[in-house]
Ligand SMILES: C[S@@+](CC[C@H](N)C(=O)[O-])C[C@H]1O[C@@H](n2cnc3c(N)ncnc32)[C@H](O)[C@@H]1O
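Starting off, we have a lone chain in the form predicted alone, written out as structure tokens.
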Amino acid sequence: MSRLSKTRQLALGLRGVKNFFGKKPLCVSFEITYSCNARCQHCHLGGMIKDEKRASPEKFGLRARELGPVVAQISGGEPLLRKDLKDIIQAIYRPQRPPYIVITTNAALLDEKKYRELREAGVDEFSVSLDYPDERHDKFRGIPGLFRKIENLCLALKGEQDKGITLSCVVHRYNYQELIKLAQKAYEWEVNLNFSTYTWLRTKKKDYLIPPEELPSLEKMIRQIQEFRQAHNTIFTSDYVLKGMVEFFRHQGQPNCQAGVRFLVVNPDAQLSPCGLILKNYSNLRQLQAEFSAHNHCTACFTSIRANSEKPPWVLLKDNLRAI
């Protein structure tokens, strides 16, 4: 997480308290397009969508004011495919006030020039997907040369104190043995690292779930990650989330989902969905919470937006103080 002024830290903290008790989202993901230039093996998206109905930057800005999240993720699809991405950022950005703006990207279209342009527009952090510590990432994401492109971007910024880049790894059966190598790579590149949990909701592929007989190996790997985090402080993922990941794989589910309350999605047309895996077309937060959240019994994910939004208040406070 990038460094924040004391004024911004206070504003974000106060917004978090207000939203937590007021049943407004802590995090909103603005999925500004479903088009994507990757074909990731764990995702249902990929390819260009013709005639997609897309809201204007001004409409996204109005949604941000209406929902008032602490964190605004700009995602997709691949958000850098939108030519008006800078305008969207500027419409959401509020100087010294919430939200904290994160772009979630595969980074195929992100170079140093684009990075600096979007940072200037108001981006606090780039969440860059990385699944393997080498060229296996290219095959997994369907983009040749992607691993080296990410490496070159990180190394080009090496030495800067406020890079605002976090590598984001989706943990699944075929890469969990690589987690410590990913942590070492992030440390070498002087960027942060966050782990999220694979969900079968996107593709219905349950073979990516870590089976019970391999959970002791996952737990051993997580202990290594915790030791690495204690030594280097470059891993964002908390013990609460790491423990929840193991339990998710153990039970193939996580109860008490707070979609629509702690987090939600703004669709490309600016309508609302409870999450990126259950797409709806609600016109406002009250309708979403009444018609979906009040009857939600889904357990099928423990994605990063959910895991980090659903922490108990004392965990939220501790983790965010550590991050900033």
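Start at 1 with the first residue shown and count on from there. Please read these numbers as outputs of a predicted model, since none were measured by experiment.
Missing here is the form predicted in complex with this ligand; even so, the following discussion is about that form.
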Residue (of T104, N175, T166, Q254) lying close to this ligand in the predicted complex, criterion heavy atoms within 4.5 Å | T104
Is this ligand close enough to R141, Y198 and T303 in the predicted complex that each of the three has a heavy atom within 4.5 Å of it?
-> yes
S129, heavy atom within 4.5 angstroms of this ligand in the predicted complex = yes
Indicate whether V261 is a 4.5 Å heavy atom neighbour of this ligand in the predicted complex.
-> no
Any of the heavy atoms of R202 lying within 4.5 Å of this ligand in the predicted complex?
-> yes
Indicate whether C36 is a 4.5 Å heavy atom neighbour of this ligand in the predicted complex.
-> yes
Want to guess which of 89-97, 110-118, 154-162, 70-78 is within 4.5 Å of this ligand in the predicted complex, heavy atoms only?
-> 70-78
Select from 224-239 the residues with a non-hydrogen atom within 4.5 Å of this ligand in the predicted complex and write them out in sequence order.
-> none
